[in-house]
Every structure is written in C-alpha cells, then in structure tokens.
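In the block that follows, a single chain appears as structure tokens, in the form predicted alone.
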C-alpha cells in the first residue's frame, strides 16, 4: 500500500463519516461538493471533510483508492459509498439516512 493510500485509509478510519470534496463544508468549491454537503446536512449527521484542492496527492490518490473517477466521495465506516449522485439517490430512497443511523448527530457548531 502506498503512502497516499495509507493516509487515505487512516482518514476514512479516523471518522465515521468522511467526505472528500473540493473546498470545505462551509465553502464548497464545486456544485457537486455543495450538493453532497447539503445532503449530509439534511441527515443531521456529524461528518468530516477533506479538501482535495489543498493536497494534489490526495486529490489524485482518492480516485485510485476508490476506483471512482470523480470527487466528491463519501466514506462511511471506512467504506466507499459513492459520489453526490449516488448520495442523492440513496437519500431519496431513505437508504443514506438508514446507513447513517446511529452515527453521531451534528452539533450546532459543526
């Protein structure tokens, strides 16, 4: 496993819910990332974000790590879930809320 894969694996294991995205949850830098943040905000779950624009190694490495070509990418319990389109489909079907059930709820400060 390469160094970048080890870094990504550590990030996905450190937090229950991690979104690799362009920008931050407070200032998304693309429409898909903004949509992914909005979806997670609607679930009320606490989540961590990784701004791939700040680290080119992570930006390219996450695509190989998941074998998924686009960003954002959602990980829950260390497992790749999908991008914003899959998140929206799962949210509309109630599957995302079910997957995130039991995860820590977001506080008003996050």
Partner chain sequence: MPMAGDDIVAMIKAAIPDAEVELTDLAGDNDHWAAVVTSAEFEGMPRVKQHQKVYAALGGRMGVELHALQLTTKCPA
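Positions refer to the first chain, counted from 1. Just so you know, these numbers come straight off a predicted model, no measurement behind them.
One more form of this protein exists, namely the form predicted together with its partner chain; it is left out here, but the text below deals with it.
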Please tell me which of 85, 77, 41, 57 lies within 4.5 Å of its partner chain in the model of the complex, judged by heavy atoms. 85
At 4.5 Å between heavy atoms, is residue 95 in contact with its partner chain in the model of the complex? yes
Residue-level question: is residue 49 within 4.5 Å of its partner chain in the model of the complex, judged on heavy atoms? no
Answer with yes or no whether residue 89 is in contact with its partner chain in the model of the complex, where contact means some heavy atom within 4.5 Å. yes
Is residue 81 part of the interface with its partner chain in the model of the complex - any heavy atom within 4.5 Å? yes
Taking its partner chain in the model of the complex, which residues of 61 to 83 have any heavy atom within 4.5 Å of it? 66, 67, 68, 69, 70, 80, 81, 82
